[in-house]
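This document opens with one chain alone, in structure tokens, the form predicted alone.
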């Protein structure tokens, strides 16, 4: 299973990742008869669930399987191989390779915690100690990691490097997860939508709400994955970015293709007016104005920061998100990120929740 971005997952899989206790997302692995609880069996890959209406999913459960209740958003895993009632022990006693060309705090912490939760030992390769395409080729690195480890997570400077390594992993039938590239950040998007549901649904398992997300700033890797997640769930999203930092024609076309594939009614809108973008948005989202590893300045971003003045243009129940690290006083005001309208720390906590659930999903794939 190669997860390079959100669209590598089916809508059914995304729904399971949002709420593993939801009924109607049972495993359809080819010929697989695992000892899975029907209430929590993760669906397989493919677009089998893409044509379904996500808003019709309701809570359910197996009366013969009891799982201790957890506070909303808290990690549901109680120990290696003991969570969610899943029968797979695929990763128990195995190792997982985490390759980090970029510095990382939330992603690396989440990767380590999630690996432990499914019974694996995380092994990290940081900075230039591997020397991808300098000391040895990306393909040779991938070969070695596939020989030693049961899963590869990679945070790489260039998405094309991920694609090259993924071809090797696919040949080995080793799962590989994009932990961030210059093109996409799928594990962040999964944490984001988990957080949004926590703060918009009265109870877990309730129908998906109708809402609009306003993303302000640079239309970057985070914005791209978030947009795809919103499309899959039927949520409208407006990207407010200054000239030269907005999505281009190819991205817009790709979003439309994905929307049609999902059978989604979500609208993706582009604007250079931050006030207009937030006017009907329940979720206000931002990221650093200069993406990691990119060269450039913040010139032209004036007025795109989320501050108290901009919040006056948003609905009273709107809340604020930031994937971190934050530059207070630039893309977000300190008074906003530290306010009651911020869910930034719930969002950061859910990086671990999302990664755990993703590893459980992967563990059940053929």
Ligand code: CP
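Everything numeric in this text was worked out from a predicted model, so none of it was measured. Positions refer to the first chain, counted from 1.
Not on display, but discussed next: the form predicted in complex with phosphoric acid mono(formamide)ester (CP).
- Though phosphoric acid mono(formamide)ester (CP) is absent from this view, in the predicted complex it lies within 4.5 Å of a heavy atom of just one residue from 155, 259, 149, 282, which is 155.
- For the residues 275, 104, 95, 200, the 4.5 Å heavy atom test against phosphoric acid mono(formamide)ester (CP) in the predicted complex is passed only by 104.
- Annotated contact segment (heavy atom within 4.5 Å of phosphoric acid mono(formamide)ester (CP) in the predicted complex): 183-191, selected among 183-191, 251-259, 159-167, 124-132.
- For the chain shown alone, residue 351 is a contact residue for phosphoric acid mono(formamide)ester (CP) in the predicted complex, at least one non-hydrogen atom being within 4.5 angstroms.
- A residue is said to contact a partner when one of its heavy atoms sits within 4.5 Å of a partner heavy atom; residue 330 fails this definition for phosphoric acid mono(formamide)ester (CP) in the predicted complex, lying far away.
- Remark: residue 323 counts among the residues lining phosphoric acid mono(formamide)ester (CP) in the predicted complex, judged by a heavy atom distance of 4.5 Å or less.
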